[in-house]
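We begin with a single chain expressed as structure tokens, specifically the form predicted alone.
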Amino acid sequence: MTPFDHFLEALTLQGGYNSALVAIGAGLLGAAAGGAGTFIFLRRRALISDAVSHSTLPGVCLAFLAMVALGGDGRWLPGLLLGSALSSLVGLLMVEWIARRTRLSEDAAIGAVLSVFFGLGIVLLTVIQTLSTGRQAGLQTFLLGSTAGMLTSEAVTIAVAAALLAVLVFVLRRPLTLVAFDPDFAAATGVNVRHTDLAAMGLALLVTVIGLKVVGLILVVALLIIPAVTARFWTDQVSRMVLLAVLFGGAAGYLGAAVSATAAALPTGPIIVLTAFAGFLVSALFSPVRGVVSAALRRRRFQRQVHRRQGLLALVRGEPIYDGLTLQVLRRDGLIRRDGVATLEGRAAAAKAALDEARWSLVRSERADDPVLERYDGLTPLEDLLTADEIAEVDRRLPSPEGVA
């Protein structure tokens, strides 16, 4: 079978029971991460989620040592996740305490906690590798994630936890939205801003803990932030942004897991992150709201509209046109012939442009405080801003038809 055949099998959940569970779990994880990451992104707390993720490593190592000391092999996933959760919770509270009780800024507190906890985790991981007890082989996969050899029970644990996390995001969406946009207003309406911020970080903590096995603590921040940033390119509304982030994150997790299933050597976590980045890149280029290509097309269209209007006004005034782009636009629209003489359509369009110019001159002089003037850019059709009755009244007050045609 070709890699593409393996991909189709994984995509349609035909690649085996365990592979299907991994794909579903990764999809649910991506969806939950996208929803939680939206509020973290809007609150501008991405760096804190980075500190939370790096704080999990000591917890994983200490949980392994504790389970080995109790006679186990140290690789029971729920125990490792519990250890990572407690460790990252301590890291989160330390960042919050340092930022509130000292003169250090939040980013300084994040840098200190992130580096210290991650350094401690690396030391403990090195110590664990020298032990003769426990199954420490592969414990380092928590750094970058790995689904190779994942047990069915582990896949089910991740899938169920990710689904519960998605429910939590839905329940907390309203206070999180208020705090993200206007903390003062949220406090005035009775929302505890500090507790809500901690809840948002708690969601990031849960995403990190659940995603350790699939994406790893180093890359899980990308899964939190990239879907939210991608969704931001497509909408200005929070509800739609959350929904899009959930869809983008879920698609990245599911497709990334399917791609990694095509070959044993492909790491799942990095593939999921690269898949999410591919969605971000497409959105950054082609989204109609903020895409680079779309913005370039809008700018080009605006330039052509400006050249068209200036050319029409030059025609009605009998002025020569020297600008090459203006001539090109007028010829393309059939407003002038090759020799530069206006066509019948061009004369009519020029007369209309001159009439609109006179109309707006009168409106500006008599209705200086009218809000409609703020929306006029010289290119918008008059009929889109004034009613037919208003236009008729303006025409009645014009000095004379000869003065505008």
Partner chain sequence: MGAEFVQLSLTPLLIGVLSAVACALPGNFLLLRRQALIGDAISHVVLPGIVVAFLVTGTVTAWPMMLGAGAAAIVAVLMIEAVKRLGRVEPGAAMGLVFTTLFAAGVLLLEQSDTSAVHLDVEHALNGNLESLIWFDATGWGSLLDPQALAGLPPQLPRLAIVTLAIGLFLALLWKELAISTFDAAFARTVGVPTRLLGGALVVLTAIAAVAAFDAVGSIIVIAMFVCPPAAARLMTDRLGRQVAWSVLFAIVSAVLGYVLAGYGPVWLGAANSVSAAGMIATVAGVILWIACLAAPRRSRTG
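Keep in mind the model is a prediction, meaning the values are calculated, not measured. Residue numbers count along the first chain shown, from 1.
Not on display, but discussed next: the form predicted in complex with its partner chain.
So which of 212, 231, 158, 221 reaches within 4.5 angstroms of its partner chain in the predicted complex, heavy atom to heavy atom?
The residue from 212, 231, 158, 221 that makes the contact is 221.
Can you work out which of 204, 257, 226, 176 has a heavy atom no more than 4.5 Å from its partner chain in the predicted complex?
Checking each option against its partner chain in the predicted complex, the one that comes within 4.5 Å is 226.
Since only the chain is shown here, I'm wondering whether residue 107 would be in contact with its partner chain in the predicted complex (any heavy atom pair within 4.5 Å).
The answer is yes: residue 107 has a heavy atom within 4.5 Å of its partner chain.
Look up in the predicted complex whether residue 76 has a non-hydrogen atom within 4.5 angstroms of its partner chain, and give yes or no.
Residue-level check for residue 76: no, no contact with its partner chain.
Should residue 248 be classed as touching its partner chain in the predicted complex when contacts are defined as heavy atoms within 4.5 Å?
It does not: once its partner chain is placed as it appears in the predicted complex, residue 248 has no heavy atom within 4.5 Å of it.
May I ask you to check whether residue 50 falls inside a 4.5 Å heavy atom distance of its partner chain in the predicted complex?
Within the cut-off, so yes.
Interface segment, criterion being heavy atoms within 4.5 Å of its partner chain in the predicted complex, picked from 315 to 323, 164 to 172, 177 to 185, 116 to 124:
Contact criterion met by 116 to 124 only.
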